[in-house]
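So this first bit is one chain, no partners, the form predicted alone, shown in C-alpha cells.
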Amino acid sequence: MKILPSLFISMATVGMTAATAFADTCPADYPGGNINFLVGFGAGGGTDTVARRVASDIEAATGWTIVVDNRPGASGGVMARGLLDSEADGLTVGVVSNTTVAINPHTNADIGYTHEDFAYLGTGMVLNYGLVALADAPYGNLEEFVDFAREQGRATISVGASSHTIAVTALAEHFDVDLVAVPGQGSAAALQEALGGHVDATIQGAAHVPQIEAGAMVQLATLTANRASYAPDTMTAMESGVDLSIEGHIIFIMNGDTPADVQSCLADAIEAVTSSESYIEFLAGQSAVPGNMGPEGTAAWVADASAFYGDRLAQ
C-alpha cells in the first residue's frame, strides 16, 4: 500500500483543490492498465458529460488512463447487468442514474440485478427536476396548470424516466386531476415533445435550462426539496402541499466483488475531483449542483430510493 505523491503534484498543477486528500488506500500496483468508465446512457447527455469530466480530471490528477465508453439501453440496465459479469479488478466503473439502480429492478423482472449487487463509489451531480412548459402556454405555475387540466378534462406531460411518471401520478392524485404521462425515449425526446407543442408540459432535469434562459419555457414547479437556482421564484411541489420530492443523481458503481482497497482508492479519487472548485464551476455551467454522498451515503440513499419507488410502483 502506498500514497501516490504524484496525485498531489498533479492536482496542484491543474489548479484543483480537494476537500479531502487521497487516502493511503491505493494498492501499489494499481491500476496497472486502462480504467474503463462505462456510461449507461448515450453520448451527449448529462450522465455522459459528467462521466467524461470526472474521468478527465482524474487523469490529470493521477496520470492514469481512463477510457469512456457509452453502453446505452434500458436506462442504464444493459450496462449495469454487464458490469456484474466483468472482472472485479477495479478497472471497470459504471456511470449510471438512480433510475438504473433504484427503479429498473422494480419495473423489469428480467433486468438481472438489484441495487444490492453493486459497490457504490459516490455521486457526481444532483439534478433539480422540474415541471416545465412553453412560455406562451396559458399557465405559468403549478396552480394554473392544474386549473387548465381541470378545464380541459386532462393535461399531458412528456416524461423520460420512470421516476418522472411516478411524479406525474403523485401530482394527479394530490390535485385529483387527470394528468397523463407520455413516455419518451429519454429526457431529450421528452423535451422536444414539449417544445413542439405536442404535450402540455414535460418533466426535465437540466436540458431545459437554456430554454428558460432564452425565455422559451417556464418552470411551473420544482420537484425536488429545494428551489432550483435557475428558477428561484418557482415554488417546489412540496411548498404547494404535494408530498413529493424526486431528485436525480449520477452514480458511480462497480462490481460488488471488487477488493475494498481498490474501491476506496477510486472513491477517494472521485471525491477529490468532485469537490474541486473547477468541477463545481463546471456543474454551475450545467445548471446543476455538486453533491457527492460518498460510498456509504450513496449506498444508503439508493437503498431508500429503491424502497420508495418499489412501494410506489407496487400501487
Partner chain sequence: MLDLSLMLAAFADVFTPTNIMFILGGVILGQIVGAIPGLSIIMALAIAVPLTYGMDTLAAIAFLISVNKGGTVGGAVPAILLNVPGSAESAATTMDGHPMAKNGKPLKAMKYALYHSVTGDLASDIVLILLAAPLAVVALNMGPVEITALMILAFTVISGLVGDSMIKGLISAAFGILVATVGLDPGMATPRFTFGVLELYDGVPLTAVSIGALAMSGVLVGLLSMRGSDQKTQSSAISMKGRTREQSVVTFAEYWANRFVAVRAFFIGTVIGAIPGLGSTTAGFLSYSVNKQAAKDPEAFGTGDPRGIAASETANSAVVGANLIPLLTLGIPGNIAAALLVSAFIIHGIQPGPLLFEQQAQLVYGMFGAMLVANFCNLGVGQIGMRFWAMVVSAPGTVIYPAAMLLCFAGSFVITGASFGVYVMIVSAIFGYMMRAFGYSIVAFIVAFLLTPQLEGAVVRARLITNDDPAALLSHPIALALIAMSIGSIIYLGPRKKKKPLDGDLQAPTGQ
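All values reported here derive from a predicted model rather than from experimental measurement. In this text, the rigid core denotes the largest set of C-alpha atoms whose superposition between the two forms falls within 1.5 Å. Numbering follows the first chain given and starts at 1.
Separately, the form predicted together with the partner chain exists; it is not shown, and the next lines address it.
Peer 1: Which is the contacting stretch out of 25-33, 243-251, 258-266, 53-61, given heavy atoms within 4.5 Å of the partner chain in the model of the complex?
Peer 2: Selected range: 53-61.
Peer 1: Classify G73 as contacting or not contacting the partner chain in the model of the complex by the rule of any non-hydrogen atom within 4.5 angstroms, answering yes or no.
Peer 2: Answer yes; at least one heavy atom of G73 falls within 4.5 Å of the partner chain in the model of the complex.
Peer 1: Considering non-hydrogen atoms and a 4.5 Å limit, does the partner chain approach A181 in the model of the complex?
Peer 2: Because a heavy atom of A181 falls inside 4.5 Å of the partner chain in the model of the complex, the answer is yes.
Peer 1: May I ask you to state whether H174 is within 4.5 Å of the partner chain in the model of the complex, using heavy atom distances?
Peer 2: No, no contact at 4.5 Å.
Peer 1: Answer with yes or no whether D233 is in contact with the partner chain in the model of the complex, where contact means some heavy atom within 4.5 Å.
Peer 2: Contact with the partner chain, no.
Peer 1: Which pick from N226, T114, Q185, S229 sits with a heavy atom within 4.5 Å of the partner chain in the model of the complex?
Peer 2: Of N226, T114, Q185, S229, the residue with a heavy atom within 4.5 Å of the partner chain in the model of the complex is Q185.
Peer 1: Looking at A149, V218, V168, L191, which is the one with a non-hydrogen atom within 4.5 Å of the partner chain in the model of the complex?
Peer 2: Going through each option in turn, the one that passes is L191.
Peer 1: Looking at the partner chain in the model of the complex, do all three of L195, P210 and E213 come within 4.5 Å of it through at least one heavy atom?
Peer 2: Affirmative, all three are within 4.5 Å.
Peer 1: At a 4.5 angstroms cut-off on non-hydrogen atoms, which residues of 279-302 are near the partner chain in the model of the complex? List them in order.
Peer 2: Read in sequence order, the residues that approach the partner chain (within 4.5 Å, in the model of the complex) are F282, G285, Q286.
Peer 1: Superposing on the rigid core, is the CA of D85 displaced by 2 Å or more between the shown form and the other one?
Peer 2: Yes; D85 is a residue whose C-alpha shifts (by 2 Å or more) between the shown form and the other one when the cores are overlaid.
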